[in-house]
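Next up is one chain by itself, shown in structure tokens, the form predicted alone.
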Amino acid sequence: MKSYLFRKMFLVLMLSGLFLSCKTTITKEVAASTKSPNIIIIYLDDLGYGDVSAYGAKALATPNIDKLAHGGVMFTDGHSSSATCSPSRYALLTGVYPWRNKDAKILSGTAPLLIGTDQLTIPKMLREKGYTTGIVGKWHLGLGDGHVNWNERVTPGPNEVGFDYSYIMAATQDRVPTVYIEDGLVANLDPNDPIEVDYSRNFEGEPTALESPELVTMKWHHGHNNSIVNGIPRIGFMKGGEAAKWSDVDMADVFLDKAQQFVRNHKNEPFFLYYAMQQPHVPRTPHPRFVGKTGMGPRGDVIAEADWCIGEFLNTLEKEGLMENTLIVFTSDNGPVLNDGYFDDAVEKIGNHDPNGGLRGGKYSLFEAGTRVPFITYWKGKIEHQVSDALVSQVDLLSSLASLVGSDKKGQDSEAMMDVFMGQNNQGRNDLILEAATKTALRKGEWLMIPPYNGPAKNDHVNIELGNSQDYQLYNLNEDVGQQYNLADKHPEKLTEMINTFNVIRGKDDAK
């Protein structure tokens, strides 16, 4: 009897030991597989679908962007939410279509904060899940209440909508104020030389490009003839803040350094970084290291510069041992434009390069080149390379990232598509509203419908077709990606279906 009990106890203890051992192993494996991944969005400015060699560019080489494309999911039908910058950035961070916010337009440097401080954003959602959040680069979503004193802490801003750290330019490189702002404070500001900014009137004694063209080193073409900083005429008027003014040719290096610092400072905790690069938006000011590198003038050179910065940034992630636990999303805020306000040889030296990649339109346009942009997801060891034709949008990142980190938060218009972004599913969106200058169109499957709109057919300043027409436009993008054949008359049933879907999503009274 004692022998039987002893054997039974031994068996129980042995099985318990095996169970605990297995449980420990399983727990470690689960912990490893569920460790909160770092999340990085690399967001370029005005980069076209055809500006990346992985997407077919021949005249431009982008080896570091290609590394992401050839190691991750390269989407051929990925979209920004708008054909202009501020609306796209709003949708990216909030998961809300920009046309729902009447103020989501291209903002001036003195515009009030576009995102509500009580509004859900990607960084807010991630911060609730234990992430440290940061933005480095272009903001262009407004600051303060529209009456900013640049000599005090500027608030509300990025820090009030979810970012623990921010190092930004307020608006764009071609707009004043031409200073960096770190956590709400103008960097390197001399209190004895206060900054003044105005978008309606100049300050007495301050030269402008109109009155003092001899001071300009970059000639303006349209709309950029106000205050001159570093020889470049800008939009808006600025006085003071000399010590705080940025050096345009060093901007890429400055933002790269801040992005690298953020990674190093937070490598031991889950982090989210929104790395919003300024290239190839005007004014295109490549560092001397990149001048002449492409033979395509400053526009080509700043794309090469951006690609180099991305390579250096990826090297930092590799060196810090972070690549295997970091999801990277690479994309652009809208389609391309050549002449966007300055004479910089972008048109003259374009050669055979097609920034649109065979698409029609460009920045500001409802045609496909306005919003169809390079869109890549990369996660070393987690995402297998594939080319996906799934219809995806930047507005979906909020809900998708929420599902990745175990949050139940969702954006109003944001669909949870993490399996698509991970390359596990090729079923993208059923439909998508696209926007350009507050006008909207509908993508549904392979079809694009543009309602009738008043307005010019082309923006003569930038030489881009806008998509405006007195008639409905309907295109089958599988058969006609260049949108040369309007099928509205040939497919009345499909047109009616598209109009009905459009009206349901937008609301019939708002669908204008």
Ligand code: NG6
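Numbering starts at 1 and runs along the sequence shown. All figures in this text were calculated on a predicted structure; none of them were measured in a lab.
The form predicted together with the ligand exists for this protein as well; it is not shown, and the discussion that follows is about that form.
Student: Within 4.5 Å of the ligand in the predicted complex, do we find a heavy atom from each of Asp45, Arg175 and Asn334?
Tutor: All of them do, each having a heavy atom within 4.5 Å of the partner.
Student: Using heavy atoms only and a 4.5 Å cut-off, determine which of Tyr364, Phe272, Phe75, Trp150 is in contact with the ligand in the predicted complex.
Tutor: Spelling it out, the residue with a heavy atom inside the cut-off is Tyr364.
Student: Using a 4.5 Å heavy atom cut-off, which residue among Ile310, Val282, Leu398, Val392 comes into contact with the ligand in the predicted complex?
Tutor: None of the other options qualify; the answer is Val282.
Student: Looking at 261-269, 241-249, 411-419, 84-92, which stretch has residues with any non-hydrogen atom within 4.5 Å of the ligand in the predicted complex?
Tutor: In short, 84-92.
Student: Check His140 for me: does it contact the ligand in the predicted complex (non-hydrogen atoms, 4.5 angstroms)?
Tutor: Judged by the heavy-atom cut-off of 4.5 Å, His140 is in contact with the ligand in the predicted complex.
Student: Check whether Gly231 has any heavy atom within 4.5 Å of a heavy atom of the ligand in the predicted complex, and answer yes or no.
Tutor: Residue-level check for Gly231: no, no contact with the ligand.
Student: I'd like to check something about Ile235: if you look in the predicted complex, is any of its heavy atoms closer than or equal to 4.5 Å to a heavy atom of the ligand?
Tutor: Close contact exists here: in the predicted complex, Ile235 approaches the ligand to within 4.5 Å, heavy atoms only.
Student: Contact between Asp340 and the ligand in the predicted complex at 4.5 Å, heavy atoms?
Tutor: Result yes; Asp340 sits at the interface with the ligand in the predicted complex.
Student: Note that the ligand is not shown here; using its position in the predicted complex, name the residues of 220-246 with a heavy atom within 4.5 Å of it, in sequence order.
Tutor: Counting only heavy atoms within 4.5 Å of the ligand in the predicted complex, the contacting residues of 220-246 are His222, Gly223, His224, Ile235.
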